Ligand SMILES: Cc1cc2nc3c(=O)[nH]c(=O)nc-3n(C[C@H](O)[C@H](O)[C@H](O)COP(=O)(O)OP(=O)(O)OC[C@H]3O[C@@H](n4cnc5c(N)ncnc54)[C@H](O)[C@@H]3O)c2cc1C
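The chain below stands alone and is given as structure tokens, in the form predicted on its own.
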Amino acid sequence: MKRIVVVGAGAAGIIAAWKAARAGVNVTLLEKKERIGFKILISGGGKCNITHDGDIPKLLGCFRRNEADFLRPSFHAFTNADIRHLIESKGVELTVREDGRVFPLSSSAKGVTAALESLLADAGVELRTLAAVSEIHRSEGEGWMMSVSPPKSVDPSGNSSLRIHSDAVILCTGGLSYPGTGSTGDGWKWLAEMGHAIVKPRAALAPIFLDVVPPNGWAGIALRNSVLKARQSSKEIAKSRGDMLFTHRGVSGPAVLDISRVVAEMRQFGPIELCADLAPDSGYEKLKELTMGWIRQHPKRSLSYYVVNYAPARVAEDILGKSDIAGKYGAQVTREQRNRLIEVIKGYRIGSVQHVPMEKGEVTAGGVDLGEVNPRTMESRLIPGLYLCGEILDIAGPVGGYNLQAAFSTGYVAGLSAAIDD
């Protein structure tokens, strides 16, 4: 019987191993951590945003053009409906939120990983955890050989290593985000040694650190449904609408994660400033009318009562200070101060970007050059019998379940192709 080894038990590796085993081959799934799906467990803040409910064109439209072209065959081969059905078949109830994001009804990722582990068992996959691959190479006519041993934390001596042989290998070792989950770039190192081009890894879906950290006590404060903008040399380079969260070192939250990839890529070309439109549904003139209307109705009330409609109390205090109207009530505000208030609300300065930490991102941009992988089979165009899927590839979509779907879909295609190809 054909033997396949899958390296890495994340979203892509789990589905690849399951599909290959279902196709009738002998499958061993190797995972260096003590359990499978480590990154699934922390996705969506531990709530697991499995996928997005949009149709295939909508999903593909959220990726960059070259990435969408690459993903199209796999997204049609294994759809968002397919992964939902698979997980639901194990008794996990799913729900679709208003924004189209799909989560387990329990809001816990543990049920999802348990369902996936059950699928592996049903398919007869040999799962080996605490199995770290230290060496991998292909011998002409002899297939593949991997040296496998427990991590040094388990066996410091390294005396427990063994060799595993296979006819084909599926590599899905992830990128460099959250290295504590096992994503430490191992696969890129091996592939570079085999001759594959690796696009320089970059942060994506990551928090942003600021040159001047937020004031004490601001960590955890959120700006809801604002439009976050990144500017470089007075030019807008990225923007995203959603929630933003202040942290001890900068900002995070969905809107921040969405622009982090562009910010990380452009940071080398000069300073980047972040600002937020706190009233995105009102233009300047509309906001001027609303402000004047409130002042007419409440001439003796502090403007703080008005500004909290657009920002939490502590941020509202800062807005009032930057508008030079702290402690003033409506009738005391001049036209210039009122106009300044509107400008601050529409362009509230968050700060200058200091760093986008790749290791804290949900995914990593960069990876194996997509031109070197067949998108219909996920087989390397350079090395027969080697299949690549998931975050190891140069793909990074936005927040919303798109990246897990890319992992599931490319894993499915890799598993099927590795099983049926001669």
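Remember, predicted model here, so these are calculated numbers, not experimental data. We number the residues from 1 along the sequence you see.
Another form, the form predicted in complex with the ligand, is not on view; read the next lines as being about it.
Interface residue among Y310, F78, Y348, W190, judged by heavy atoms within 4.5 Å of the ligand in the model of the complex: W190. The partner is absent here, but in the model of the complex a heavy atom of V133, alone among V133, L287, V344, L127, sits within 4.5 Å of the ligand. Heavy atoms within 4.5 Å of the ligand in the model of the complex belong, among the stretches 375-383, 359-367, 53-61, 66-74, to residues of 359-367. For the chain shown alone, V7 is a contact residue for the ligand in the model of the complex, at least one non-hydrogen atom being within 4.5 angstroms. Among residues of the shown chain, E265 is not one whose heavy atoms approach the ligand to within 4.5 Å in the model of the complex. By the criterion of a heavy atom within 4.5 Å, V353 is excluded from the residues contacting the ligand in the model of the complex. When the ligand is considered in the model of the complex, A17 lies well away from it, no heavy atom lying within 4.5 Å. Looking at 5-38, the residues that come within 4.5 Å of the ligand in the model of the complex, counting any heavy atom, are V7, G8, A9, G10, A11, A12, G13, L30, E31, K32, K33.
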